[in-house]
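The chain below stands alone, shown as structure tokens; this is the form predicted alone.
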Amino acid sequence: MNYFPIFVAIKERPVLISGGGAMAIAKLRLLMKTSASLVVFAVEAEPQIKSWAYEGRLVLFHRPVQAGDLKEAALLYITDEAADHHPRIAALARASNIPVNIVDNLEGSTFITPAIVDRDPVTIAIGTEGAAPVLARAIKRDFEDRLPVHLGLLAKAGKVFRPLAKRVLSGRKHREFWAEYYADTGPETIEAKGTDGLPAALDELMSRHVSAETAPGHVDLVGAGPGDPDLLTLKARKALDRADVVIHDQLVAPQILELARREAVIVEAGKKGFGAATPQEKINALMIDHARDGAHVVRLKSGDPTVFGRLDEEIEALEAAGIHWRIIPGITAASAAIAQIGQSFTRRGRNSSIRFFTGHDVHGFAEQDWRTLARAKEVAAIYMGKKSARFLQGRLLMNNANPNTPITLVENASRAQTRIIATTLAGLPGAVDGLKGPAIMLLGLAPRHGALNADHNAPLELAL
């Protein structure tokens, strides 16, 4: 981010506008929704600005801005149509440490005004750092359509009630109280009784939450998917939004961790093949300790937790400790990889079964039913196979597999830095050289030509 989004306190503080034309009017229409003291400097002003001045909605001076005018100003907008005035006025603002915005001059400005969705006191600011104002307006329209007009009324009532709720409720009870108010009780009360019904509804809701038993700790074992945040399930998103603690693998994409509550405790439980790893016993203890403290814990696993995720060990530890748990499945990396190359795992007349297996296990390289895998038209998805590529090749060739059997490697499936490598069994060991990210091997499949670059800008490499 080159621009840090903040909300500036401008209540009763001077906000200055240099210029009296159409651009000044556009800014004033927005600024008059605030509680700022608006001051306009314009040798010539449009009739609309003069009318607002006559109504007392702003102060109008028929002259240019001077250095003395900037005292205690919160912001300065320069909207003069004559651009030769801009450098002088901007220099005055910078000398006085006043943030300045020059309309249609991003480089000369020290702040920019975002597109705003106004549900006072709820305000949503949408910025693109000046790169795509049309996109910002489109997003604004989308929010305007989605957010109810009474949202501001709910927030104002909640603000009055907040100090009492904070004294009486804490932790999860406090969050659950406000979540129910904004999602259900508040909107339903306004619809049935109007704003006059909100105080009684808030009192009743708080009494119910005060008397309710504190919910016990809980662990959600959540699949984070292969990396693309758009492939995260809706149920997983909801779990992240409610989580008090998130314990995640190293392979979970940072963009997915951004979806967790800002107040949540984020714990990295690193587990990468052939690298430093957090012992499974410590991960189990982390989940149990936080859940015993009453926390909602999300154990976030890359891909699907039921596929090579040591899920059984974690469930057994939770059950032994008496901790309630549930599984929220995710899209496994193999599913993302096969979609990316435009193929399917099974095809009529080719194969009616598919194998998922790992290139190594706790004992070293993992043995498989090589005779079956070596047959023509067999299809398999191989996880964690980079280190065991030569071993896999040798076992298959020993069982009379065709050296020209197609193999596709998909590195960082579904992510922006993904890469597709098309090779054969004969070229497999060399094809894995240089792969740094997690990779899925798709045995018996080549990329479909029409799928390349259809969804991801994935470079295709041939390793023969």
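Being a predicted model, the structure only gives us computed values, none of them experimental. In this text, residue numbers run from 1 along the sequence as written.
FYI, the form predicted in complex with a small molecule isn't displayed, but the following is about it.
Interface membership of residue 76, defined by any non-hydrogen atom within 4.5 Å of the small molecule in the predicted complex, is ruled out. The small molecule is not drawn, but in the predicted complex it has no heavy atom within 4.5 Å of residue 407. Although the partner is absent here, residue 384 is a contact residue: one of its heavy atoms lies within 4.5 angstroms of the small molecule in the predicted complex. Residue contact check for residue 423: none of its heavy atoms lie within 4.5 Å of the small molecule in the predicted complex. With the partner removed from view, the residue among 169, 288, 339, 307 that has a non-hydrogen atom within 4.5 Å of the small molecule in the predicted complex turns out to be 307. Taking a 4.5 Å heavy atom cutoff to the small molecule in the predicted complex, the contact residue among 232, 333, 239, 100 is 333. Partner proximity in the predicted complex, defined as non-hydrogen atoms within 4.5 angstroms of the small molecule, places exactly one of 37-45, 62-70, 432-440, 23-31 at the interface: 432-440.
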